[in-house]
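Listed next as structure tokens is one chain, alone, in the form predicted alone.
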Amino acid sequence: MFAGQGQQCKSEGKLKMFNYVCLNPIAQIGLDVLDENYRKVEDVKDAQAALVRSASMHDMELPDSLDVVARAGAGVNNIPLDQCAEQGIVVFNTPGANANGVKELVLAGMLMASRDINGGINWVVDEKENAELAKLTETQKKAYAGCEIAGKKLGVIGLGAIGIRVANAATHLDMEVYGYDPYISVNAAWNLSRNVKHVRNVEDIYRECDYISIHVPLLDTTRKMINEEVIAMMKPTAVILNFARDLLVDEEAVVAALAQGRLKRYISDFPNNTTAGKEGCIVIPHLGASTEESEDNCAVMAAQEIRNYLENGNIRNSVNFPNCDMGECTTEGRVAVLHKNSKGVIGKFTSIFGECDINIANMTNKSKGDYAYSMFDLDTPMTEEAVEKMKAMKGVMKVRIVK
């Protein structure tokens, strides 16, 4: 729960109200976080906040009134991040909220790849009218028996919220687990089981592991990271598990390798015509984060992010602006400025406060790439004169009076 949650947000002695729009159905438990100070509207043009899951926003006209977009999930490919940044719209996602649901499906994928569970079930269905089914089972089951995963090597590429859970869980299944992530956070490192072996060269995973599970974001540097060259390093008995993004894998190369016996299985949570029904492919209809619990967790987290930003100005889990948190405002005023990350900007802001006879009680400035975010707690309320002067500055996208 964020600082100030559950308290009424006031501006000049009046209750401040916010409008929000849902671009997809959002779990009610999340909407319940948005209290009586929030009103649901049907058109994004009337909203300060938007909640979204999979709906594409790339062709939408985003109004100047829109301050925040919260994606109830991890991926944000459906949101025009640069356009939002240029308009001063903070975009949040909900990392880790669906991690357990995805982790469980990855484990299921490993079991389906090792034991040919699907093949065995389909055989039983095909023979359901056969009076000798029970007797036939004893001879036929050997075709679907497969192998156990205990003692096998699992390589986890990407040790974020999901990758860590997969790695840790696999150690309890008596697997030999290797983890690779050159950008692992301090918090993630603390949460990683000491039984997971840290690998400095991802090629060691490709060459040594029986199961390879990918958990990295889709970037220009990771697009088709699993390609023909990488597959050539793997064991012919290797299994690739892709529950992150389909475009991380050159699936045409994977299908060819499976047909030629150079791979054992490809497990994907992203159905398409390249892999559906192909030999060696087990394709799941994007069920990873579709559990009721995951959807509830994502909805609650997204709503909390919206409240913390609109009511306090705090940013956590933004994908286009830096994280920034000053807690609950206890001074007379707070103003937040979304601007380009350029030299001398803070000095210009403070000069404007001085010109307008406004004293700064506290301040912070954070940057992320080309964009930056500044918050100022003030001993006197922010004035319209100061707001207009800031808005007129080059590189300033939006100025918000939080309090």
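For every residue, the number given is its place in the sequence shown, counted from 1. Treat the numbers as computed from the prediction; the structure is a model and nothing was measured.
Just so it is clear, the following notes concern the form predicted together with a small molecule, a form of the same protein that is not shown.
Taking the partner from elsewhere, Gly160 is found to have a heavy atom lying within 4.5 Å of the small molecule in the model of the complex.
Though the partner is left out of this view, Pro217 does reach within 4.5 Å of the small molecule in the model of the complex, counting heavy atoms only. At a distance threshold of 4.5 angstroms between non-hydrogen atoms, Glu295 is out of contact with the small molecule in the model of the complex. By the criterion of a heavy atom within 4.5 Å, Lys152 is excluded from the residues contacting the small molecule in the model of the complex. Shown alone, this chain has one stretch from 119-127, 208-216, 258-266, 319-327 that lies within 4.5 Å of the small molecule in the model of the complex by heavy atoms: 208-216. Only one of the listed residues (Gly288, Pro80, Gly109, Gly333) places a non-hydrogen atom within 4.5 angstroms of the small molecule in the model of the complex, and that residue is Gly288.
Comment: the small molecule is not present in this chain, but in the model of the complex one of Cys84, Ile315, Val102, Val76 has a heavy atom within 4.5 Å of it, namely Val102.
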